[in-house]
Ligand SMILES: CC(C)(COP(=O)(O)OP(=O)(O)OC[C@H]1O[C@@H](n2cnc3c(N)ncnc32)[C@H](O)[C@@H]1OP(=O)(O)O)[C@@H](O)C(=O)NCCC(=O)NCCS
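Next up: a single chain in structure tokens, the form predicted alone.
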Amino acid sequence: MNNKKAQESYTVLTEIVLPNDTNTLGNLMGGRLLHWMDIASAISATRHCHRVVVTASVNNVSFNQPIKLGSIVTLEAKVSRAFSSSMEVFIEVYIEDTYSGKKSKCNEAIYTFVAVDQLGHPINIPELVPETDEEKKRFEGAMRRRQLSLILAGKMKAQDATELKALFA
């Protein structure tokens, strides 16, 4: 199976916040943003493995600032690491100033997807080859995040989490 470059999974999704997307304060509802993040990250995961993917978990979401009605929202998603059948996808969310065109980061999230066959069973996927410093940093961190998730889910014993233990050695 061929290895893939992280850039090959890069996805950009742009939306505008409409009245039906907002709460009573005129801010984008968190659930709508999660929906958009799920779509952008699913596209990235699919681009990486060229298979059907399913959302396995939403590992981290930060809502750092509200997104107002009328805002132009751009989501940038990229696979940060591929394991045997699962992929971690990092999503960054930007809002665009409609007058200047300047973008500012307002939110981010990490999703995990699993590639599946026609019967819904996990299948092997290509490895990911990080190239930039940022890709390498996310790639390395993905193993620690995976081990922590597995420990919290009761699927791994803490003493077996070598990457996490290395942080404290």
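In case it trips you up, residue 1 is the first one in the sequence shown, and so on. Under this definition, the rigid core comprises the largest set of C-alpha atoms superposing within 1.5 Å between the forms. The model shown is predicted, which means the values in this text are computed figures rather than measured ones.
Below, we refer to the form predicted in complex with the ligand, which is not included among the displayed structures.
K.L.:
Looking at 60-68, 97-105, 133-141, 112-120, which lies within 4.5 angstroms of the ligand in the predicted complex, counting heavy atoms?
P.N.:
Careful reading of the contacts points to 112-120.
K.L.:
Among Val17, Leu150, Ala161, Leu13, which has at least one heavy atom within 4.5 Å of the ligand in the predicted complex?
P.N.:
That would be Leu150.
K.L.:
Would you please decide whether Lys157 lies within 4.5 angstroms of the ligand in the predicted complex, comparing each non-hydrogen atom pair?
P.N.:
So Lys157 does not count as contacting the ligand.
K.L.:
Can you check whether Val54 is within 4.5 Å of the ligand in the predicted complex, heavy atom basis?
P.N.:
It does: once the ligand is placed as it appears in the predicted complex, Val54 has a heavy atom within 4.5 Å of it.
K.L.:
Is Thr74 near the ligand? Define near as a heavy atom within 4.5 Å, in the predicted complex.
P.N.:
Thr74 lies outside the contact set for the ligand.
K.L.:
May I ask you to list the residues of 75-110 that have any heavy atom within 4.5 angstroms of the ligand in the predicted complex, in sequence order?
P.N.:
The stretch 75-110, when checked against the ligand in the predicted complex, contributes Phe83, Ser84, Ser85, Ser86 at the 4.5 Å heavy-atom cut-off.
K.L.:
Using a rigid core superposition, assess whether Pro19 undergoes a CA shift of 2 Å or more between the shown form and the other one.
P.N.:
Shift at Pro19: below 2 Å after core fit.
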